[in-house]
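Before any questions on binding or motion, here is one chain by itself as structure tokens, the form predicted alone.
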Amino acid sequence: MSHQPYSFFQSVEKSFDKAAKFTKFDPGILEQIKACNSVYQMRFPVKRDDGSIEVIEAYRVQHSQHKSPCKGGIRFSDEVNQDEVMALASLMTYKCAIVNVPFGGGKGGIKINPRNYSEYELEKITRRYTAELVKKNFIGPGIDVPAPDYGTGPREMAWIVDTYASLKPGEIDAAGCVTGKPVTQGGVRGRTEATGLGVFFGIREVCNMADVMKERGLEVGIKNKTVVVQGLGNVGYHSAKFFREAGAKVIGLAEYEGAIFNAEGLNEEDVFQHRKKTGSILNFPGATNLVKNTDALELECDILIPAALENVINGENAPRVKAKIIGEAANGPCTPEADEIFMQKNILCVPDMYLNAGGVTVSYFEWLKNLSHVRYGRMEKRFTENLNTHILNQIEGLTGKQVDEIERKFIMHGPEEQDLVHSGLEETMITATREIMDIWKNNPSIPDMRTAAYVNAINKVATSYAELGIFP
């Protein structure tokens, strides 16, 4: 069966219920965790450039306040509806819990196709939406902190922070009301590549686990593994880049116009430039064209990274998937039917819920930066460089040998903001991967890694509720 009779929010609840069976919490606590605490649906008028007035439909959902503030993106899309925003908000709660980011889940959406509006109209819509959120106390550095999602980016976040700050004069932490801002407006360096880098760190950690690799007949490590990436947007592009730089071979890339294959490996930047020039990734020099973009999902490879749309691997095509490991970089690329098939085929599916949490992790670092009012590295960079230079000079003096230029540069380098952000992300993804794998190993009846990730999330959120004494 290809179409689900249940809604997106119900399918999230279904995965939750599947995992809840492996926890020991009171059914009432589980019901409270599943529920969306607050749903704000709004309508407001906007005057278009041609003088006509349009009524805009928009949402903000706060799923859980077991930790404050709530956190989650705002999407601009024709498809936005209350059910979708509720589902995405609940996934944010579980995602933050798994990667130990102390936020509750939230999500926002405005039901428009941004391509149909001028920049000035988009600015008016974004600022009005922000004003409506302020009016109802639905945004703020300690209340609810939005971020970019489909159809939004740093530009929209700059409009939000400006509107918020003008309505809250003198609020010293106003910059922390939203993340994903331009660096000049209090954004953090390293945000752009965060999700793709997080995907890489998560899969690398799985590939470093000898027992997991042995079960699938693979060598330990990333080096020489064959990788196929579907989607050459921000996440897919950066995933491909970090895998290639770590010594893997990216043998296949897919975009909606088609897919290309080269057993010797592809360079994502060259393909990106080719697509920019010709309007398509097809006919890339040295590569073979695949007729359907979905053919890429069925290539022989070690690691498959779907980084495009939801439900691309389903009950119909999952039996033809030949990858040993699937890394869900997109949201919901594999359906529950696909999960069942992966279990039979011993394919390890590393779930989106934590694997693509690089974005929210680095958003958390940005929020901390805004609250501390100092950029990362400013205090320690020179101190570290001076100390390392001193140690190096002492060692060279004592041994009478010189360290070569590349190593010297590396040893003497003091951390800049991006280095510290990447390092914090690496720590986050490694810890989360190990926590999930431990839960799975210690309970052999848990069917797959996705369920283990949900169990991890439920344990943390329920413990929070219990310790807060919300349930007497």
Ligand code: GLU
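For clarity, every value in this text was computed on a predicted model and none was experimentally measured. Rigid core here is just the name for the largest C-alpha set that superposes within 1.5 Å across the two forms. Residue indices: 1-based, along the sequence shown.
Another form, the form predicted together with this ligand, is not on view; read the next lines as being about it.
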Within 4.5 Å, heavy atoms only, which of Gly73, Gly202, Gly187, Gly231 is in contact with this ligand in the predicted bound form? Gly73
Listed residue (Gly105, Gly327, Gly359, Gly109) with a non-hydrogen atom within 4.5 angstroms of this ligand in the predicted bound form: Gly359
In the predicted bound form, does Ser90 come within 4.5 Å of this ligand, counting heavy atoms only? no
Under a 4.5 Å heavy atom criterion, is Pro148 part of the interface with this ligand in the predicted bound form? yes
Closest heavy atom of Gln273 to this ligand in the predicted bound form, within 4.5 Å or not? no
Counting only non-hydrogen atoms and a 4.5 angstroms cut-off, does Ser363 reach this ligand in the predicted bound form? yes
Mind telling me which stretch in 65-73, 22-30, 437-445, 37-45 gets its heavy atoms within 4.5 Å of this ligand in the predicted bound form? 65-73
This ligand is absent from this chain, but in the predicted bound form, do Lys95, Thr179 and Arg191 each have a non-hydrogen atom within 4.5 Å of it? yes
What residues in 317-352 sit within 4.5 Å of this ligand in the predicted bound form, counting heavy atoms only? Asn331
Return yes or no for Val101: a CA shift of at least 2 Å between this form and the one not shown, with the rigid core superposed? no
Does Asn234 move its CA by 2 angstroms or more between this form and the one not shown when the core is aligned? yes
Using a superposition on the rigid core, decide whether the Cα position of Glu396 changes by 2 angstroms or more between this form and the one not shown. no
